[in-house]
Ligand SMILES: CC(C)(COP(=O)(O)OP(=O)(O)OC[C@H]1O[C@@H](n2cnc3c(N)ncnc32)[C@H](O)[C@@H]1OP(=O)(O)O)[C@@H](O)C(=O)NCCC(=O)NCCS
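Shown below, as C-alpha cells, is a lone chain in the form predicted on its own; questions about how it binds or moves come after it.
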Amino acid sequence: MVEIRRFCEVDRPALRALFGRAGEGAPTASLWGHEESEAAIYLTPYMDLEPESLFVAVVDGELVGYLTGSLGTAVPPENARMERAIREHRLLLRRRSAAFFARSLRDVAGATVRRQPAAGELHDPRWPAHLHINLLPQARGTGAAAGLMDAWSARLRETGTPGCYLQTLVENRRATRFFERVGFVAHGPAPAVPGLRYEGGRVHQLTMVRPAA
C-alpha cells in the first residue's frame, strides 16, 4: 500500500536522502555531478518556502517518491535559484560542474546565432503553478506517481489556481506517457537543453500544461 501525504518537517533528512536516489537512470538524474547544489535548486526551496505544496509517497514507512510544487509566487525563479547555487557552492571552481556550465554557455550562444528557441521556465497566467515529481525505480508502476498527482491537483483546486505546467524531456518517453495519461498536453517548442547530454546526444525540453479543473 502506498500512502500519499503532505510533507512534514521531520521528513527533511529522509527526503534529502531520497533526492539523491530518485530518478536513477533518467537523463536528468544528475545535471553537473554535485548533488548538494542540485538539491539547493530543485528541493530545498520547496521545503523551506512552500512545504504545503510538497507531497511524499510512503511505503512501509519509507519515502519512495515526492512531488515538489509551487503555486507560482513563493519559490524564486529557477534562474535565480541556479545563480545562487553557483555562487554559494563555487561550482565554477569544480571541474565537472564548470565543464557543464561552459558547455551550457556554448550551447546558448549557438542557439542564439541560429535563432533557435531557448529552454526555460514558462510564464503564462493560465498556468502559474509548476511541479517536479520523482520516484525511486522500485516505486514506478505502484500508483505512487498517480497518487502524488492527485494530491497536487487537490491543492490546485483548493487554492483556486487555474492551472499548472511541468517540464520534462522529449526523450524521456516513460515520463511523457504518464503525464499524458493524467491530462497534460505539450505546449510550445521543444528546445535543446543547454549543457545537458545523455548517451552522447542532445536532449530537448518538453513543456506540458494542464488546467486545474
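Because the structure is predicted, anything quoted here is derived from the model rather than measured. Start at 1 and count along the sequence shown; that's the residue number.
Only in words, not in the display: the form predicted together with the ligand, which the text now covers.
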Check each of T44, S37, S153, Q167 and return the one that places a heavy atom within 4.5 angstroms of the ligand in the predicted complex.
-> Q167
Which one of G110, G141, P77, P117 is close to the ligand in the predicted complex, taking close to mean a heavy atom within 4.5 Å?
-> G141
TL;DR on 184 to 192, 153 to 161, 171 to 179, 54 to 62: the one with heavy atoms within 4.5 Å of the ligand in the predicted complex is 171 to 179
A22: heavy atom within 4.5 Å of the ligand in the predicted complex?
-> yes
Taking the shortest heavy atom distance, is S97 within 4.5 Å of the ligand in the predicted complex?
-> no
Proximity of L67 to the ligand in the predicted complex, heavy atoms at 4.5 Å | no
Indicate whether L31 is a 4.5 Å heavy atom neighbour of the ligand in the predicted complex.
-> no
Checked 105 to 136 against the ligand in the predicted complex; residues with a heavy atom within 4.5 Å, sequence order, are I133, N134, L135
